[in-house]
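So this first bit is one chain, no partners, the form predicted on its own, shown in structure tokens.
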């Protein structure tokens, strides 16, 4: 579904991605792990063509993502942002249906409200909140609304940026399991970036470890604990010493 070959990205003299090679199968859930500042978010921005990478290629369904000016390019993606990123000034239903009201797939406001109600049910929320505003919801409910927005356009690929940030352990597990259920039920390709190993174990089919600008290891989730990679072992066990200890 998505293939990255030799992707490099620098900001001035600071090298962020130094040659990323990665293949993501259609319908699979890939979690990219790594410490803060290793370029996980930059990598997603490059895939989405929000950042121009310096070298290499990125293909989505065999089409290079430099074709981002195509009006339908972004229709295939959904995104759950780290902070939810809901619009404070519009009600919940309009937040969920935002892209469908204003994008290439424009629908009527009545249809948008009905769609929002249906998507809310998928994330375990009652439709009686659709006329409320984000500030009237708890953090966990806001995150679910943001998830409903991510799936509103029935995307082929969904990106999850640190989906459990700011949530207590119970709500974090609720969100993790919701993400897993939605990925399986919709059959979408999912890419999650996180440093939460518990989230990784619930969400992932495959895991990739990003460090020093490259993918240091990639494998199935059931191989994470016996990866044979010292960087992975250090990271998932939270060890203070190891091959990545001096890179902070």
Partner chain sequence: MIFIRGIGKTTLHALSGIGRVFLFIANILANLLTRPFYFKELGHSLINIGYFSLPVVGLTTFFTGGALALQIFAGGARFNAEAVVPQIVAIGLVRELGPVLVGLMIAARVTSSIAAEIATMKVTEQLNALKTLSTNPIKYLVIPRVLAAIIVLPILVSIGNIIGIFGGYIVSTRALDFNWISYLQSTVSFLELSDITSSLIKASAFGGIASLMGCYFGIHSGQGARGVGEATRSSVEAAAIFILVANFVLTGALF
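All values derive from a computational prediction rather than experimental measurement. Positions refer to the first chain, counted from 1.
The same protein has a further form, the form predicted together with the partner chain, not shown here; the description that follows concerns it.
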item: Exercise: residue 136 in contact with the partner chain in the model of the complex, heavy atom 4.5 Å; value: no
item: The partner chain contact at residue 75 in the model of the complex, heavy atom, 4.5 Å; value: yes
item: 4.5 Å heavy atom contact, residue 85 and the partner chain in the model of the complex; value: yes
item: Contact label in the model of the complex: residue 113 to the partner chain, heavy atom within 4.5 Å; value: no
item: Candidate site 120, 154 and 171: all three near the partner chain in the model of the complex by heavy atom within 4.5 Å; value: no
item: In the model of the complex, the residue from 193, 215, 188, 48 that sits within 4.5 Å of the partner chain by heavy atoms; value: 48
item: Proximity to the partner chain in the model of the complex (heavy atom, within 4.5 Å), stretch among 174-182, 122-130, 136-144, 86-94; value: 86-94
item: Within 4.5 Å of the partner chain in the model of the complex: residues from 140-154 (heavy atom criterion); value: 149
